[in-house]
Every structure is written in structure tokens, then in C-alpha cells.
Ligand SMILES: C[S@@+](CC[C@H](N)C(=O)[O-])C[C@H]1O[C@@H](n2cnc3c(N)ncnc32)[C@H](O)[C@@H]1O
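Quick setup: one chain, the form predicted alone, written in C-alpha cells, and binding and motion questions come after.
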Amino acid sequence: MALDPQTMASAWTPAVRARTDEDALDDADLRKLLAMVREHTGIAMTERKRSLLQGRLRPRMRALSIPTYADYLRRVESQPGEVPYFIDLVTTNETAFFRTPRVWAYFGDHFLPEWQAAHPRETLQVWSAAASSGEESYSVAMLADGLRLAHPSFDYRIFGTDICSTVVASARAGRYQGRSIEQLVASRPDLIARYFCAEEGGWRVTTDLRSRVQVECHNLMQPLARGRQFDIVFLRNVLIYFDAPTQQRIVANICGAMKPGALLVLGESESLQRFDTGLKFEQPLFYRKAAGNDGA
């Protein structure tokens, strides 16, 4: 049955209006959204992230039957329980096992044996900051455990943190499937055999290795609880998401949790040259806290 144009317009108007309202993130709401991202995460996004943010928020809005971005932002403001979901949606979590090979070559071949020789009766304390779903934390654990097997007196503990509660839960579970674990299966079958068990179409980190990795939610804009001190901190591919004042604040918080002589590891696109941190450049990606320096 054919419909006249007026009838067709009437029939389609509600659906079109609903879709348009949901898809329309106007300039005022975008500015408010960017301010909320900064408030809750410290991340400095620009208006060029409009499409990215729309795509990330839209499924949540649909799940909650919220028609407009303005309505969703009001929900985040008025209901604290929505904030963790909001943080999960607007943060980027990209990682892999043994990402950036030269970092792991130096950590495994130089840092670990040198630290073990200099601290024969101590437990190595490692902080994997912005640890995402745990691949970095478990990469650290596998190399450290290799040293433990060769030197039974050596011990280690790894503390992983991330602002995103979803990836923290994934890291605690230690279950992996897809490209990241497939690359590890292909490149290091020895590590897969030693530290993973096949499970439900993927792989799970062994109970023993997981017991040495503690993962918690933490916002890097805040200092860690007093008393936590680390021998090496991995802060890779994190600072690039923040403006200079926030970078300075984060690095100060990190330095406050580093022991004298501890090492900080950054990402390939990151540098501390602009900041007064108390850390000395050691080699590309690596910075050393001065021995005897208890402050930032």
C-alpha cells in the first residue's frame, strides 16, 4: 500500500527525531563533557574528540534509555554511581604483552640481575601504573619469575593500578584471548607453557603468578597511600594524554612513591626534559631517582 508524502513524514518523524537527538552533541554539551572528562580523569581532550566520545557514550545512553547527551551528563553529575561507568567509557586502554621490546630487553637482561645482586635479601617492588588489563604487569611478573627460578632467594611483588574499573577486573582475572595473547603464543611458547593454562577459548595466567600481582583502581592525579615505595615504576604511554601541569602533578606523585635510586620507565613519545622532577636521564625511556633523594 502506497503512502502519501504527508503520511510518510508523520510515520518517520518520531524515529528520525529520536536518532537525531541522540546523535547531536552540540558545542555547549561537548564543552561540558570535556570539562567532566578532565575533572574525573585529568585527561585533556580537545573538541576534535567529539566523534570518539559520541561513539563511546552512545551504547551506555541506549542501555539507560537516555535520549540526549545533556541528559546523560546530568546523570553523571547527580548520581555518583554513574561516575565509574563514565570513566571506563572515556579512557583509552591499549596494551600488549612485552610491548616495546627494548624496554623488556633492558629490564630482563640488565635491571633485574643488577638489582638482585645489589639487594640480595630484599623483595623487588614494582609499580605498573596505568596497567590497563594487566598485560604489562604480567610481562614484568614473567621476567621477574624467571630470575626467581634461577635464584630462589630472589622475591618480587607487582602492584598494578588503573583508573578504569573494568580493566582492573580483567587484570585481576588474568584471562586473555585474541591478538595480544596469540602473539605471545607464537613468539614465546615457553612462557605460555610455564605461566598460562588453556581456558574457554583463551588462556589464563597461573594462580601462582597471579598471586604475585595485586591490581587496584587508582587515579594518578592522587598520591598513593603513604608507605608504598617502589624500586621501578612503569608509566608508559600515559603522560601523552595530559597537559603539562597535569603531567607535572602526576610525575610528582609517582616520584613520591619511588625509593632513592629507583627507576622510572616512560613511553616512546614521552620525556621529562621540561620538568624539574629530581629524576636523571639514564637512557632513552629510563629515568633514575637520585640515591638518597627521599622527595620528588
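This is a predicted model, so every value here is computed, not measured. Note that residue numbering begins at 1 and tracks the sequence as displayed.
Just so it is clear, the following notes concern the form predicted in complex with the ligand, a form of the same protein that is not shown.
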item: Per-stretch contact check against the ligand in the predicted complex, the hit in 26-34, 230-238, 62-70, 256-264 (non-hydrogen atom, 4.5 angstroms); value: 230-238
item: Exercise: Q183 in contact with the ligand in the predicted complex, heavy atom 4.5 Å; value: no
item: Distance check, S139 to the ligand in the predicted complex, heavy atom within 4.5 Å; value: no
item: 4.5 Å heavy atom contact, Q247 and the ligand in the predicted complex; value: no
item: Contact flag, A130 vs the ligand in the predicted complex, heavy atom cut 4.5 Å; value: yes
item: Interface residue in the predicted complex among R157, H218, R148, R172, criterion: non-hydrogen atom within 4.5 angstroms of the ligand; value: H218
item: Any residue of 34-49 that, in the predicted complex, places a heavy atom within 4.5 Å of the ligand; value: T41, I43
